[in-house]
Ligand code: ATP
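Okay, so here's just one chain, in structure tokens, the form predicted on its own.
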């Protein structure tokens, strides 16, 4: 059975962009693949080192997000990154295989450095992020990594590290393949290409109906459309992008009808947004029910994370020992 490794930075509740980017795939694949899901608290510290309490508190909520969308702890291993120190040791060995210039050229790192405004004051931990992520993936010998499109350059760097290690020390690591979500990218509700909690342009999986309605009402649409009788654009319109991403089969006919009317100038933004609100509520209803159950049973979450982390650590310990033997850097006789 092939294995997948994926995960989430623990900086706050997950949103619907996370769902279509990776959560949906990991839930589907847990029936056919060995599934490991990491709560990436160490990675979250790279740009939240001044607020570790935020990262710590988010671990529990991100675990609930995963379980609420359908992750089954009997089928998948949910674990906490910081409780597996072997990942940090593997990161150190991989650091010798990557140049500084290669890290600086990584498109994902470049974009995030610009967004965070680091300038020349780039924390080493943040720049080292791709190497740490490679250790996470390769430490589990993952065959497939379900990620969003924005993370594709990170996985390519992981593949480079695996190949370089194998060339130097012999076949040791699986070179993983990427699996993109059904929707390449879900843009922010404000039309921004980047979804961000700090920008307030997301709809979280934990949002209640009032919060969802507020976000939908304020959604960016077609700026060139002043009245409903003016033909509009649906291809770069967040309202229709969200309808395509979250609509169920029973919504398809209405979505197609609304697109035709919108393109022809025969429907207003308010009517389309009202329908989108219904679609999102339909999507979130079962998630909210599961969330309520898990939030009412914190001892169950603790048990799932403890059991999962113990299982995950054993896997990485085995991989680390294999890697050190390949490097002739194992001292088991001591």
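Positions refer to the first chain, counted from 1. Small disclaimer: the values here were computed from a predicted structure and weren't measured.
Keep in mind that the form predicted in complex with ligand ATP is not shown, yet the notes after this line are about it.
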Contact residue in the predicted complex, chosen from 25, 11, 326, 319 - any heavy atom within 4.5 Å of ligand ATP: 11
In the predicted complex, the residue from 260, 75, 194, 110 that sits within 4.5 Å of ligand ATP by heavy atoms: 194
How about residue 198 - does it come within 4.5 Å of ligand ATP in the predicted complex, if we only consider non-hydrogen atoms? yes
Using heavy atoms and a 4.5 Å limit, would one call residue 225 a contact residue for ligand ATP in the predicted complex? no
Does ligand ATP come within 4.5 Å of any heavy atom of residue 150 in the predicted complex? yes
Could you tell me if residue 185 has a non-hydrogen atom within 4.5 Å of ligand ATP in the predicted complex? yes
So if I measure heavy atom distances to ligand ATP in the predicted complex, which of the stretches 141 to 149, 230 to 238, 158 to 166, 215 to 223 falls within 4.5 Å? 141 to 149
Sequence-ordered list of residues in 1 to 33 near ligand ATP in the predicted complex, where near means a heavy atom within 4.5 Å: 7, 8, 9, 11, 15, 17, 18, 21, 22
